[in-house]
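The chain that follows stands alone, in the form predicted alone, written as structure tokens.
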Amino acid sequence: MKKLMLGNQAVARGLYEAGCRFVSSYPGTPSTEITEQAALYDEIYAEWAPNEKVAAESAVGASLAGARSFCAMKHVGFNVAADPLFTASYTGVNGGLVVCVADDPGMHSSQNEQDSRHYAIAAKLPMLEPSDSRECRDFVKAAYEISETFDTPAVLRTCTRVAHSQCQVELFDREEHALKTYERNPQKYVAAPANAVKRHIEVEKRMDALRAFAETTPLNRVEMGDTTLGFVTSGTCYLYVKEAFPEASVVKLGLVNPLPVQLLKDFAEKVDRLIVVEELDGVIENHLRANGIRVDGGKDLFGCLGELSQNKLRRAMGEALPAFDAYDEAVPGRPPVMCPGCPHRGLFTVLSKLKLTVLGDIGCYTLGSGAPLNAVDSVLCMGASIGMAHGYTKVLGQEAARRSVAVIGDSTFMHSGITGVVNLAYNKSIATVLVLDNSITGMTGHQQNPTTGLTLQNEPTYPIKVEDICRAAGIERVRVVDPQDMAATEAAIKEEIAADAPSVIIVRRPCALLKYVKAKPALSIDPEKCKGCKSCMKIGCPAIRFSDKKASIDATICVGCGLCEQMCKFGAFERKEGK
């Protein structure tokens, strides 16, 4: 049986067929759907962890117990998980352990373009890179075999195009793997220096064995064609090469760490011109050059920025581009905006009005940095806002504390904001933190988190309250406001930034897109009352339009939140009676 599958869906299918029992992840685009799809299989226990470090540690624990285990993350999540995974490289595994990292060339939904192959090299972990959905399924199985054969965690690297593109995948039955017996072995699993120094010897032996494996594994294959031009490539770039230069000879690398040497040397001798095609950094190219293999083109042709494509390859190689239809009318840009009724909009309208320095974080609320709100000054990484606010106010003093706040979402707070709050109390900070609690992990598609009271399977569980954690951490000034009431929100912020103590304001209203949040009837505007002052446009709501010197409402997307009513001084916005 064959089925059309997204790459992420195919990874989950591979987990099922490979006998995986345990999955723990934190949602992060473009990897999120893997865990959601894995949860649909009754044979796999799947969960959302508070962050990638905890997810990786949980998967290592499941491996120790003898189960084939798995965790998934986006590339910046690998930064968070790196601590346990680098050491797990030394301790090795019991049951097979596979970690999927999804890179994001082009930064479709990320704050950087880091290349996760460097992590595999630094941590001395084998890394496999599929090119399409079929290989996503196949490579998961291969990764488990490598993990258990070589006593190591194995990394599966995808990217946005592979994760979110589709192809036919043949379905097979699940292969059950009995739990491997756990045998106490402190010399292997206790990463104390005296043990780890000996384990490092084993890691180097393992890498030597993997290098030999890389020369013969079918994961790396040579496709000989026209020998005047040869490509070395991997991942989604393989598909670009095959479409743009179907007659050329190609080495397709499925195992991208460690890379083969002799296989590549033999190939280089058979072709007149050798070109390396890879997105982001020149990992493969540098490997070839370091081993004395000539490279006729690589990063000098394609650069290290963003995604490649068939036409980018053709253009860089001096080939003519295929004919295509052109349209005279330019397509207007459509930057992402907060949704109509978004609970963050009222808060950022207030912050913009107060002209505060806002130290931001990762989430939907990052959109508060865009026009017309222009309310966010910095965004670094998950959980950074609180620590940055502390450092900012410690250096610049009380006056800066009265002109600045940190903003962080509820899921991000659970991910890596709690320690920042502990730091505020411990180091006598005077920073003010706004926790934007929209009752869901919104940016990645409405996943549950520890604050929602539901698990990945939507089973009831204990809901963690942000205010309880803050008070337990030593923050005495904790309050809750509704961002829909902009006057009350503004008053609370003014009061807390004036205080000489750390404070947390929980700005709580559920995401407007949640199924249980019912939209109100759309508002309308009385054109006679509208003065064309554009005050309503300051909130940046996509439901409000301005033309012919008057504002109007797009009733097809307005959810009747009422923020625009609070902005208008002339009472131009109207509701139906009784609503």
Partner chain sequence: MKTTSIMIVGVGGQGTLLASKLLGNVLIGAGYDVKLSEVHGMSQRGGSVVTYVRYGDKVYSPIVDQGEADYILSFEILESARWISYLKKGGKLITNTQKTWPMPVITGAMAYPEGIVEKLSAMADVQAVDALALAEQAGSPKAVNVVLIGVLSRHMDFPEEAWIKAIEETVPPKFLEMNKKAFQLGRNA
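Since the structure is predicted, the reported quantities are computational estimates derived from the model, not experimental observations. Numbering follows the first chain given and starts at 1.
As for the form predicted together with its partner chain, it is not shown, yet the points below apply to it.
In the predicted bound form, Q262 stays away from its partner chain, with no heavy atom inside 4.5 Å.
Interface membership of G417, defined by any non-hydrogen atom within 4.5 Å of its partner chain in the predicted bound form, is ruled out. Although the partner is absent here, E243 sits close enough that one of its heavy atoms falls within 4.5 Å of its partner chain in the predicted bound form. Its partner chain is not drawn, but in the predicted bound form it has no heavy atom within 4.5 Å of S535. With the partner omitted from this view, the residue of K124, R206, K188, R314 that lies near its partner chain in the predicted bound form is R314 [heavy atom within 4.5 Å]. Put simply, of D410, E278, D103, D132 only one has a heavy atom within 4.5 Å of its partner chain in the predicted bound form, and it is D132. Contact check for P336, A371 and G442: all three have a heavy atom within 4.5 Å of its partner chain in the predicted bound form. Judged by heavy atoms within 4.5 Å of its partner chain in the predicted bound form, the contact stretch among the candidates 471-479, 456-464, 174-182, 442-450 is 442-450. Contacts between 539-560 and its partner chain, taken as any heavy atom within 4.5 Å in the predicted bound form, involve G540, C541, P542, I544, R545, F546, S547.
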